[in-house]
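The chain below stands alone, shown as structure tokens; this is the form predicted on its own.
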Amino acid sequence: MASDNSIDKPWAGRFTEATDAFVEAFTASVSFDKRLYRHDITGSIAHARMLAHVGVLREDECQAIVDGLQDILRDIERGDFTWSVALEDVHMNIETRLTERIGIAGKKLHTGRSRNDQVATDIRLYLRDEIDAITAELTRLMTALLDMAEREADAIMPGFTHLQVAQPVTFGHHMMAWFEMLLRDRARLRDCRQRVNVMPLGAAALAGTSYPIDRAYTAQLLGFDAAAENSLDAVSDRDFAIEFTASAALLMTHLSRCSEELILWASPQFGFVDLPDRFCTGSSIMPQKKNPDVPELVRGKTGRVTGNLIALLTLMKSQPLAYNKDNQEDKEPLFDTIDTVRGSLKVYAGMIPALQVKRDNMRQAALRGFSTATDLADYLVRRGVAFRNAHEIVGKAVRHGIETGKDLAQMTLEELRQFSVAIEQDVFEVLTLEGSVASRNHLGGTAPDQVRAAVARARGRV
């Protein structure tokens, strides 16, 4: 069935029949790419000014285009703009409305460019702004972690390996581990931004244009670091979107790991933290429940972002140069990734400062599981015992503790000396939780003084 839409498409001259109605809807992208409107208008204004700069447009034509585009921007932001599926995408909707308003000058705007380089430019402008916004949210969360680490620098908790009690650490030290993960994420996003900030405009459809354009001038107007060197690559490249999504997937993986810990810690079995009520929900049938929905959702949304990365990689894997219609499918995974990451960071940045740390529960948990066993082994080594022998001695002491229900620090000196005569009264200085964490007093260690020093250095890095 042919479309009965009376709108003439800008490319319709070569065709003898109207687009099928279903095909028109199937191929249209305006339902999702209209979010690029501001960047499309920004790019078009810069392009018009460049055309006037090189003499392709008269100054009065350029001013009419600029004024018309700015009016359209105001209409869109007021909600007074009607988007048409028949006009396919954000670019044709805006250009058609411009021509309706200012006449023939509007039809001159597309001189020296194609939708291929136009959309590639729009996406880069949009993603550049979104990376900046995401980086700002990430910095806000990182600052919240630093505040929490400083406040809880001496709050003792069990450190885990294999989810088994390993050695005492401090909650502040644990928060600094989260901080380090996010610091790497921010560095990746900033690095990615450099490759995003390259301008495709001027590549036209694929081969460049015969008009005397000044791409350096346009790049300067738009704040790009440089213009793309090769026209074929400029219109077909989506590496920057894939790279961003890869960085986002790793960021979400880190948030998912944090979420898993919060979910465990908030459970009655751990009881290490209490999540604020406003970030939780209840059960429809069990009135006692307080469900950690926010970290659970962030953990779940991580799979969504990883899926978007796979979708983009698969999208590009078999495309010949240059532009193909496949690339219309780049936007929804990219947009969804941006929305998901921004939302996850925003909710985390609000939740972390309100987290209630249950110090007593964490300390009691650290007392279970013989978390100072390694300290006893180190003590014996300092007394001249070979480490492997010390390891065996402590293992036997732990066995005794399991049988008697005593932690190492609860045993008498006589009990401990039955395993090694090298043990003296000063052993109890290292068997306490406080002694254990304080002894890790080196760069990167869990000692409270080291945590506070790490926070001070990190504030400079943020």
Ligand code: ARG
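Numbers follow the displayed sequence, beginning with 1. Worth saying up front: this structure is predicted, and the values here are computed from it rather than measured.
Not pictured, yet referred to below: the form predicted together with the ligand.
Visitor: Using a 4.5 Å heavy atom cut-off, which of 419 to 427, 65 to 73, 29 to 37, 47 to 55 contacts the ligand in the predicted bound form?
Guide: In short, 29 to 37.
Visitor: Just to confirm, Leu262 within 4.5 Å of the ligand in the predicted bound form by heavy atoms?
Guide: No, Leu262 is distant from the partner.
Visitor: Is there a heavy atom of Phe370 no more than 4.5 Å from a heavy atom of the ligand in the predicted bound form?
Guide: So Phe370 does not count as contacting the ligand.
Visitor: Any chance Ala86 has a heavy atom within 4.5 Å of the ligand in the predicted bound form?
Guide: Output for Ala86 is no: heavy atoms all beyond 4.5 Å of the ligand.
Visitor: Is His91 close enough to the ligand in the predicted bound form to count, meaning some heavy atom within 4.5 Å?
Guide: The answer is yes: His91 has a heavy atom within 4.5 Å of the ligand.
Visitor: Let me know the one among Asn308, Ser247, Thr218, Asn327 whose heavy atoms come within 4.5 Å of the ligand in the predicted bound form, would you?
Guide: In short, Asn327.
Visitor: Scan Tyr379, Phe240, Tyr323, Tyr126 and let me know which has any heavy atom within 4.5 Å of the ligand in the predicted bound form.
Guide: If I apply the 4.5 Å criterion carefully, the residue I get is Tyr323.
Visitor: Enumerate the residues of 156 to 178 that have a non-hydrogen atom within 4.5 Å of the ligand in the predicted bound form, in sequence order, or give none.
Guide: None of them.
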